[in-house]
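Listed next as C-alpha cells: two forms of one protein chain, kept apart as structure 1 and structure 2.
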Structure 1
C-alpha cells in the first residue's frame, strides 16, 4: 500500500520516475565505439606492454593505452588526466580495479601519440607521471587499502610500502617477461579490505599485541557493552579496575583469545591497537582467482613477520624482489607463482627463495569446513 499511496505503479515502473537522483546510468560514460559494439567483440590483443587493441564484429577497433595511477590522487593530477582524455579520447577515461588509468582511442596513430605524450610527462624529481605498462605476463599496479592516512586500525601503511615495492618492480611493470601475470596486493590489517587472500604476492599488515586499555577514560568515552559485543572471539569482558585510588568501570582482555582485529577500537577509542614494536608486515604468496590450469587458491604465509622499516621498507621490498626474480627464472610459461611452488614443492620454494621456514608458518587450522567448503567455481560432484 505504501507504494500505491506514493504514486508508484508496479505495472509501469518508469512512469513519472525522477531520474536525477543517485548515480548516472553507467552507459552514459561509454565511449561511442564501446556503446555501439558492446557484447559484439571478436578478439583482443596486446600490441606491446600497456597497449591493447579490441576488434569488433563490425570491424571497429579500439586501442587502449594503460598507465599506472596512484590510489590517492591530488586534484591537479586528476585534472591533468582529464586534459589528456579531452585531447586524445573525446573526454572519456576509465580506471581499472587495480588503479590503472586507461585511455581509449579509435586509431592506432592516436594511441601511439597518446603513449608518447604520457611517457614525456614527468614530475620535477624525474619520475614518470603516467608510466605505460601493466598488461599481460607482467606485474600490474598494486591494489591496496587506506593505510595510515585514513584508516584507524592499520598495522602498516599502504601508500608507503606500495610505492617502495613498485619502485623495485618497476621494470616488470613496463615489460611482459614473467611466466604469467603476477598480482601483488596490500592490506593494512587482518580485516583485509584489500582482499589479499588470493594474490600471487600479498603484503599484509599484522598486529601482534592486544589493545592497550586506557582505564582512566574508557568508561567516559565508550559504551562498554558495545566494546564487548564487537569482539568476534569473546576476548573482552567487563571489569572493575583500581585506578588512581578509585574503582572504575573498564574491561579486561583475554590475550590468548585476541586475534588483534581492532574491532574493539572501532567501538571504543580507549582501546588503541597500534604499536610501533608489535606492528609489522606478513608476506603471503601463491593465491589466485583464475581457474586456468588449476583451481583458485588462497595465499600462504611465507614470511611470518617483518618490522615496519619506514620510509622505504627495505626488507619487505628486497624479499618480494627476490621471490619475483626466482619465480621468473624457474617457472614454466603460463604457470602462476603458486602453481610453480606447488609443482616443485613448498620446501623447495623456501630453499630457492632463501626464506627461513619457522614454526609460525605451520597451519594448525583444523576446521572441517576448510576441506568441505566449495571455495572454487570449478565443477565437482
Structure 2
C-alpha cells in the first residue's frame, strides 16, 4: 500500500481548508417528480405491501417501492442500489428513518418491474437483498444500534438479534394484517442510542454484573474523579487498595447500588462490565411516538432478562413472536399494542401472552416508580 495524499498538507492544516459547509442541499437530490410536486401532494394509496402511489394536485403520480435494508451495508451493496436506481429511477433513491430503501418511479409498470427485479436478487448466503414490504399495518424494519460490530459498551449484539427477529417476523413485513403498525427497535445498552423507549416492542441489551476493577491500571488509565462523577447512583468512591503488595489509588464500588448502566466504563476503561452470563436482553412493549388517538407513551418492561443465545437468540425471537401473535389475534382495528394492553389491563396481557410476572417488573427507581403502581380497587382476576 502506498499512501495516497488527498492534497491535505499536515504542516499547514489550514491551507485551503473547507469547513462548516454542512450537508449537500436536498434540492439536488429530489427526483424531478418530487421537485415538481413538493408541498402539493393530495393523497396516497398502498397498492400492495411495499408499493405506494402518491398523487399530486397536478395529477402527477409517483410510485414508491420500499425494500428492507440491513442498516449495516457495504459499498458493494450501495453500488447495487445505485445500479437499480439508475436503471429504473433516473438515478435517485432515498432511505427511510427505519433503514428501508425507497425507489421511486412515475409509472406503475416500471414500479412492478422494479419490484420483480429487486425480489429476484439474493445474497450468496441465500437471504433476500431487497425484500419488498414494510408498509401499512405490518411490521417494518427495526431501528437499531451498533452492538458487537462497533461499540465498547453493548450488552448484546445488534445486527444479529435484528436479523434473527426479522427472519421470524418476515411474514408480517410482507403483509398488512396487524391491527395497527408495530414498531420494533433495538438498543444494545442502557444508553439507548437507538432510543427504544417509545416502541411497540423494544429489545434492550442489559448488563447484570457491576464493573470489574482493574486496580493495577485504574489510576494510570483513568481520571478517578471523572469515574466517580460518572456514576448516576453514586455507587463509586475513590479508594486506596492493596494490590500486589503495594498500595494503589483506585476506586471501590458499592455493588448493591449499581444499576449496570456502564457510564463508569465509558469514562474509565479499567471498569469493564461485559460478561457472558451477566449480559442479555430485556423486552419492553407498548410504547409509541405518534399522537394518533392516544398520546405518545413509553414502553414497559415485560421480560426482565433473556440470555444472549448466539447466534440466533431463539428465546428472544419466540417471545416476540408470541406477543405479536396474541396482539394480532386480540386487538381491535387501529389499536396499537400498548393501547390494547391498557384496554385489557396489564394483568390480562401477562396472562394472554404467557409471560411470567416477577418482582423485577415493578418499578422501584425514584419518583416515577410510584406513578406506575395501582391506585384503584379496580383490577381483574
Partner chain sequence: MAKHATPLLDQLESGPWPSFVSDIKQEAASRAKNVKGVDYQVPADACDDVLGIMELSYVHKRTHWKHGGIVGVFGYGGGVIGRYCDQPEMFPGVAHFHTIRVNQPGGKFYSTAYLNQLCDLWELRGSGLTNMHGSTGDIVFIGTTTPQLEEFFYELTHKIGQDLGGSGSNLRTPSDCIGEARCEYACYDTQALCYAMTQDYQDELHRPAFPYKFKFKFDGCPNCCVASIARSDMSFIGTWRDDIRIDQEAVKAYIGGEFKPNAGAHAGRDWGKFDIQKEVIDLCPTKCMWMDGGKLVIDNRECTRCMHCINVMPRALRIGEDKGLSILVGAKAPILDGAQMGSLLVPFIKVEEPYDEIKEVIENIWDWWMEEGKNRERLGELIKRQGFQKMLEVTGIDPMPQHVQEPRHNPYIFWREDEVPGGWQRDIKEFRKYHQR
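Rigid core: the largest C-alpha set superposing within 1.5 Å between the two forms. Positions refer to the first chain, counted from 1. Note that this is a predicted model, so its numbers are computed, not measured.
Note on provenance: structure 2 matches the form predicted together with its partner chain.
After superposing the rigid core, the Cα of residue 258 is displaced by 2 Å or more between structure 1 and structure 2. When two forms of a protein are overlaid on their rigid core, residues whose CA moves 2 Å or more are considered shifted, and residue 125 is one of them between structure 1 and structure 2.
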